[in-house]
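There is one chain below, alone, in structure tokens, taken in the form predicted on its own.
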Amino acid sequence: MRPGGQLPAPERAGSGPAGLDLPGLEALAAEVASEAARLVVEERPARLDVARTKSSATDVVTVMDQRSQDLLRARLRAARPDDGFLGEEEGGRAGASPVTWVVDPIDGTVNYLYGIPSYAVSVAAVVGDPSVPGAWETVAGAVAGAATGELFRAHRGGGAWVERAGAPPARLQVGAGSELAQALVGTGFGYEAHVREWQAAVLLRVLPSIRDIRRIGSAALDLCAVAEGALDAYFERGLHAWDLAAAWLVLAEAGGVVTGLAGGPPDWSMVVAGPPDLQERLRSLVAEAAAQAPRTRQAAE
């Protein structure tokens, strides 16, 4: 990965590492993400219960999370049996090819549980080890806004696009603004109390220097919103590979930058995204705010 979190240029048009068919990978990501998005909308039970919890009592999994991931795994395995698979829920596997599919079957599960229409299915083809920050990169991906019918898609070197019903595909481009004081910034919060406490302390120091904050509840949709200029920038602590793999590429192909707090690849400790100049200013502001935040258990992890 190049410094600054920007994807390197493709080796040749439509081709990636080891001669991968990047347009084909993008098309497959878009197809299966759209199918899973239809599943979670059309087959959502009238009464949707929590199937289990993960990091805390508020970090929930519904039966539809697992059904969506099972569908994605089955479709991808049928199309590309040698590839690896990593999802947020149960059922990952190693592969024999250079590609691993990194998926979030419902990004924004709490929104989905409450009927708030900001949730998505994220599907990304990555090369490298997605369990190690900085050791992988996304080469193709798609984010399907399940409730809205939007589809964000990209492959490395091919630009970023959004598809909406009744309209031709539109190429995405990040906004041109660079002033923090005029920036509408997205963020999110973790599910554990000590995580939210630290994040709130950081936000209190960031908020006076920006236009306003938005908390949508889906990291993938937040990053895609920055890619199309619906948000100016974004930052959040606590994201995993499946939260950002597809949307990171969409944003990078739209001219944006995604890094960690020190300017290297993003990881669990922080993701900062936006147009290059604005992203640099926001990253500096968040770094200063993080350094000044009270030292809780979260700050030490």
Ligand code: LIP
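The structure presented is a predicted model; accordingly, all values stated were derived computationally and were not measured. Numbering starts at 1 and runs along the sequence shown.
There is another form of this protein, the form predicted together with L-MYO-inositol-1-phosphate, and it is not shown here; the text below is about that form.
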{"query": "Residue (of 228, 88, 137, 83) lying close to L-MYO-inositol-1-phosphate in the predicted bound form, criterion heavy atoms within 4.5 Å", "finding": "88"}
{"query": "Residue (of 202, 106, 99, 224) lying close to L-MYO-inositol-1-phosphate in the predicted bound form, criterion heavy atoms within 4.5 Å", "finding": "106"}
{"query": "Answer range among 124 to 132, 181 to 189, 138 to 146, 164 to 172 for contact with L-MYO-inositol-1-phosphate, defined in the predicted bound form as heavy atoms within 4.5 Å", "finding": "181 to 189"}
{"query": "4.5 Å heavy atom contact, residue 253 to L-MYO-inositol-1-phosphate in the predicted bound form", "finding": "no"}
{"query": "Contact flag, residue 270 vs L-MYO-inositol-1-phosphate in the predicted bound form, heavy atom cut 4.5 Å", "finding": "no"}
{"query": "4.5 angstroms heavy atom contact with L-MYO-inositol-1-phosphate in the predicted bound form for residue 64", "finding": "no"}
{"query": "Distance check, residue 239 to L-MYO-inositol-1-phosphate in the predicted bound form, heavy atom within 4.5 Å", "finding": "yes"}
